[in-house]
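So here's one chain in two forms, each on its own in structure tokens, numbered structure 1 and structure 2.
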Structure 1
Amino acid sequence: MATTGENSRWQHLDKILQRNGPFCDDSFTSGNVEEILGRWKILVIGAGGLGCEILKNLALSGFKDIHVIDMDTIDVSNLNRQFLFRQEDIGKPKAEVAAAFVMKRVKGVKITPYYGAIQDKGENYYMQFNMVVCGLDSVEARRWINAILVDMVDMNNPESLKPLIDGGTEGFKGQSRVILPTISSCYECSLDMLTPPTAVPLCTLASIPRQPAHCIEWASILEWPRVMGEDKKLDTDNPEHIQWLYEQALERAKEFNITGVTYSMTQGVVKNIIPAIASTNAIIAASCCNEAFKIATNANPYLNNYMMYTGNDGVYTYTFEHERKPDCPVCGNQATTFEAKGDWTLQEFIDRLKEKPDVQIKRPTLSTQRKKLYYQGPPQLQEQTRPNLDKKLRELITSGEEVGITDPGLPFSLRLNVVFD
């Protein structure tokens, strides 16, 4: 006999959870949505294009206790795809508006927002959750939360292992992955898969621009500090600043007969914005939430461990297992071997490190067990170690010696065995 009222709300999911299927995990225990998912406390990081979809999906899947973190406020450009926001919400925190909207529409779910950065919270905060789902657009933020969750794992406390589900989109492409900290490959293990940003030589920007983006970068990198002075910082969220850059770039483009400079392109170049597509966000968010449901219920095996989606010319997905790297600086226990030339100066060594896609450092501090090589701060130590930048590596270290590297963008210390080739 068909059920009515509240009991019929989850009947489509209860059919999955009340009987064993052919792919159920051995630990699967039958029950209903209220019993099983009611015990789970989920953290969603990001309430943008992907985060809005994830929050909606988790709530409609039966999860009752959800927290969401986002440090951004709503901009008019968000309204075309971040469907939880409206015109009157512009300027308000994304996390708070998204939480209120979903709670209003989905009865029984509690969503607790936090307007701020993930770095504001410590291990005690993250320990309260059973699972973390990321809808981020920042590599640095992904590296940070990945390192924190790996570092939290205590082999004597199974509750300290928090599954991390990471989703990401870029135009018509996207990916989702399941990370079990210290068990499967972590985010840092696959950092070398990322395409390094292409740098345009300053001489090209200053003399012969060839593309609309070159004119925009010229305006932001060269013209802004020349006209406004070094003390006035460019605020990429300030419409007046973007308008000024757009006008300067447009004039330069006309001078070199280049077309295509627009206000939106100016905004995209200076903020490194990659066009987002609502359908890609929906597909990747669905995949992430599907994995969250499987992990929470054991009703089906979860992803092992990486799914990529390509929608440029059709609908194509490919799944593979990304293996752990024994020398991963986060989840591995070995120092990474780095080949260098003894004739390199320390500055050249740092520059080479910055070019490596699996390192991605910006302002590193370097030391060995024997000596301080170069410190970014405090000023006294920076002044003391700055002469080392012009010294050759073989004057400072021996081949095979371990160099420890810290960087503001890294939540961990990088260990390199520097071997002279």
Structure 2
Amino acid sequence: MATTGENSRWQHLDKILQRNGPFCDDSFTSGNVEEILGRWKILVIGAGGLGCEILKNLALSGFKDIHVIDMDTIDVSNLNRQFLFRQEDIGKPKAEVAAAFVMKRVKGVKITPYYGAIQDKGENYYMQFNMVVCGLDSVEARRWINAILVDMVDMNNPESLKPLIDGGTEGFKGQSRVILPTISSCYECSLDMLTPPTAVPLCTLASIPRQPAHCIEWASILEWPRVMGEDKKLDTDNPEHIQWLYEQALERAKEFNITGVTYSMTQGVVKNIIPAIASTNAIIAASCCNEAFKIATNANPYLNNYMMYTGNDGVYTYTFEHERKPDCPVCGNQATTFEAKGDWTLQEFIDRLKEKPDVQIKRPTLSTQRKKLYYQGPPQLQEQTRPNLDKKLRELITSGEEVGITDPGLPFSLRLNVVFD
């Protein structure tokens, strides 16, 4: 069906898609919206602050077949920016409400929601899409989808390469990037650009707290399991649980003459809350969708490959090419070298590993070709390998030996050449 003409709602898009521009390269073929975008099937991961914007933008960019995955339900604190949700939607799955809203407003677009985790799906599922746009707030989920998409690339099948466009925000700042799996720098290649979560040593929490946050973490990490036992899990969405933590933290703070513990801070610390506003989500989501649109239409060159935005002081963007890491555990082909001291205990080694910004693991299981160093589970193996934590590295491995590390959060394993200096 032709879509040009006075009565078409796609007149704006068609004007641009039907004409060559001075910045277009040879790959641009003019046409109308439906000819060019009709065959694209696109996956959106996340239906939150970025996701709501992404769905709206893609629908109004002429994409017709969109899928969306999100495992969350709507919370009252989403309403200040997730504009597809209303008070009466609280408690419903985000993916479903968002998809229904956009389909109602924009006629002719088909949005298929999936209420669940990305890990529920496998390569077969991801293979059906031409492109993936990510609006997530979790590093773990991003690493997972990135690794899957890199792994799916089959050099003999160009269709297996799915561009991944990723956005993230914090307050007035954000970034968007384009990843061509195995071709350009992947999410894992740039992991060290994230500030690693400041892990406060347990001994600080246990015996020398100095900050209100130390008291709050003490309450949630040490005091909750001690008082409540293993069976009662901490639910950070339960106000009564937060209230309990707040009271414990406040009490502890008093004991050490520390001031500044509030309910809001308690919630912020235990839920790792990142400040968020509609404006920044709009900027980053639109930037991602603009790149998706350019990739799909060739109407202008797409981002190569990273843009940072900050609005704290005026408006500042920095656009650059992030380089691939040859020793990237996901897309690289060299093993990473990790310098350690033979005198470190295995526990110390694990602590250092956790601090390293380009590793970022939470519950690592470690082994070498010849022995199991430490296993998180099953309980029997954990029991059996736990004594190794207090042994020195040189008693367990030789300098230069390869240590394999897996983590339940990651769909790949890290291989480190551990060298003693």
Partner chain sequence: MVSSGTGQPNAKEKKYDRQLRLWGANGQQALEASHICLVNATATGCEVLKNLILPGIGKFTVIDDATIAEVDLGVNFFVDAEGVGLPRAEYTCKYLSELNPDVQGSYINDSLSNLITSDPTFISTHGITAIILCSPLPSHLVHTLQVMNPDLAIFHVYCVGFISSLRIFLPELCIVETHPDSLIDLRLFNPWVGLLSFAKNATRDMNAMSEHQHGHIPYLAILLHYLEKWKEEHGERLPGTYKEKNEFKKLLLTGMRTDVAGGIEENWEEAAAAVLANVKPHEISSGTREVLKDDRCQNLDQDSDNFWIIARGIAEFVASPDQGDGLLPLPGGIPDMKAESQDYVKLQNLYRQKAASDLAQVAQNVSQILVSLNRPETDIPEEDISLWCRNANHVRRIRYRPFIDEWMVDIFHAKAVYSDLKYNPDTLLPIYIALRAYQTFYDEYGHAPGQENGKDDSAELLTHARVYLSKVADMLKLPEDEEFPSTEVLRALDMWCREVTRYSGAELQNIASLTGGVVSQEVLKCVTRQYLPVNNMVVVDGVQSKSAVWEL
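In this text, all values refer to a predicted model and were calculated from it rather than measured experimentally. All residue numbers here follow the sequence of structure 1, with the first residue given the number 1. The term rigid core refers to the maximal set of C-alpha atoms that superpose within 1.5 Å between the two forms.
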Is structure 1 or structure 2 the form predicted on its own?
-> 1
Please check if residue 98 moves between structures 1 and 2, taking a CA shift of 2 Å or more relative to the superposed core as movement.
-> no
Core aligned, does the CA of residue 292 move at least 2 Å between structures 1 and 2?
-> no
Is residue 248 among the residues whose Cα moves by 2 Å or more between structures 1 and 2 after superposition of the rigid core?
-> yes
Value in Å for the CA shift of residue 266 between structures 1 and 2, taken after the core is superposed | 3.6
Align on the rigid core first, then pass along the CA displacement of residue 214 between structures 1 and 2 in angstrom.
-> 5.0
